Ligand SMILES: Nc1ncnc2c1ncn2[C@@H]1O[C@H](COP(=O)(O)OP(=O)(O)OP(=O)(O)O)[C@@H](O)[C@H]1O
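A single chain, nothing else alongside it, follows as structure tokens in the form predicted on its own.
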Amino acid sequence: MDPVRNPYAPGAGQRPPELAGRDTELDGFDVVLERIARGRPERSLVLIGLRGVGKTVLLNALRSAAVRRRWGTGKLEARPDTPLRRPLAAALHQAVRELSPANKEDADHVLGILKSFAMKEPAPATTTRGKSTLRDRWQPGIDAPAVPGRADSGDIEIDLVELFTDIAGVAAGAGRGIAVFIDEMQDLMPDDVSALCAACHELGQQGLPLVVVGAGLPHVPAVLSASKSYSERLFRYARIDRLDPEAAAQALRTPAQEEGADFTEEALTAMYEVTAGYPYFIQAYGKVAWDVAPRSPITADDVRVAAPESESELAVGFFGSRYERATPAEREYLRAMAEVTADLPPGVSMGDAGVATSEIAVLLGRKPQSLSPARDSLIKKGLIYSGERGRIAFTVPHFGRYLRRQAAD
């Protein structure tokens, strides 16, 4: 098979050639946009799922849907220990520019408010000599004079409520809306989560055309609920999981057929067995299977030949890169998790693979409290998550299997 024509794309956040199995989410978001455009009440949306299920890809597809309706859109990726104010200001700046309100005076005014909001982020401590750093003198690239007295109190919750209200008002005046897309939502700082919930609450009460669309790991609902008890009424959670066999076959077969190739039914069955329907694995195994197959159609034998190379690549790029971020104590904890989950069925889905932290402590012969630092650090690094008190799970599909194979080598 010609490797140049290989259609599969196993990249981080890279859209696959066929976005299979996500029609329900895409159609549902079209309804959300239409309802908001008609002044109907609608909740913001949060996509939740493990690594490798295509949350970022779907987030980008939803943004494209908003762009097609000529909404203003902006996107940011939350990062641990990084305040929301500046990246959100940059995303909203782009959204207002895309909106291109007919009334330039209103647009300049709201950009001035946005500039004041961005500049209110607390400056870092000065140097020991008392001189300000370059970061202290940072100015947002917003071509409008700052408007004082609005969204610049320094309290992120007060400021974000005012900012969202003003920007949504300009969007309403233009007859359109604003959509803000936030990836890795679990990494938002606690004060920023609280502010985001408060702002979405205000938007809902006023019926303003601004919607937040987030994506994150399965414990995002718990993060939001810990901040505001009413958060479950502010957001609609869409669980993004592995594909069923039919959708997985579509993700493989449609791109191949567009290149004049195909898979046998036995090959599709074999692919589902090794990938368990996870979109990233489908792309990774599909790419190697195409390259090793001598001719079309790709057979089950080709899949078996491709599997070791696919697993080797995943071991380095998908699994290994994450494992290398762990300290020795954290790796011990991860390996213990892998052993505890060894008897679970291979096809368990998101959240179903959670194990009790007490079982890990028993396996390691340690008191649970002594393992808390390693567990908390792994959660912060995004390698594991806790969907409920006393239970944890891997954020990466098949990570336990990878660790067990590594231990056996």
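Don't overthink the numbering: it's just position in the shown sequence, from 1. Please read these numbers as outputs of a predicted model, since none were measured by experiment.
One more form of this protein should be noted, the form predicted in complex with this ligand, which is absent from this view; the next part is about it.
Checklist entry - Though only this chain appears here, would residue 283 touch this ligand in the model of the complex if you measure heavy atom gaps against 4.5 Å? => result Yes, residue 283 lies within 4.5 Å of this ligand in the model of the complex.
Checklist entry - Should residue 375 be counted as a contact of this ligand in the model of the complex, where contact means heavy atoms within 4.5 Å? => result Close contact is absent here: in the model of the complex, residue 375 is far from this ligand, nothing within 4.5 Å, heavy atoms only.
Checklist entry - So, in the model of the complex, is residue 400 in contact with this ligand at a 4.5 angstroms heavy atom limit? => result No, residue 400 stays farther than 4.5 Å from this ligand in the model of the complex.
Next on the checklist: in the model of the complex, is there a heavy atom of this ligand that lies within 4.5 Å of any heavy atom of residue 63, even though the partner is absent here?
Outcome noted: Because no heavy atom of residue 63 falls inside 4.5 Å of this ligand in the model of the complex, the answer is no.
Checklist entry - Using a 4.5 Å cut on heavy atoms, which of 72, 214, 209, 279 is close to this ligand in the model of the complex? => result Of 72, 214, 209, 279, the residue with a heavy atom within 4.5 Å of this ligand in the model of the complex is 279.
Next on the checklist: To verify the annotation, which of these, 341, 56, 357, 44, has a non-hydrogen atom within 4.5 Å of this ligand in the model of the complex?
Outcome noted: Spelling it out, the residue with a heavy atom inside the cut-off is 56.
Checklist entry - Is this ligand in the model of the complex near all of 15, 20 and 322, within 4.5 Å of a heavy atom of each? => result Each of the three qualifies.
Checklist entry - this ligand isn't shown here, but in the model of the complex, which of 144-152, 265-273, 243-251, 198-206 has heavy atoms within 4.5 Å of it? => result Residues of 243-251 come within 4.5 Å of the partner.
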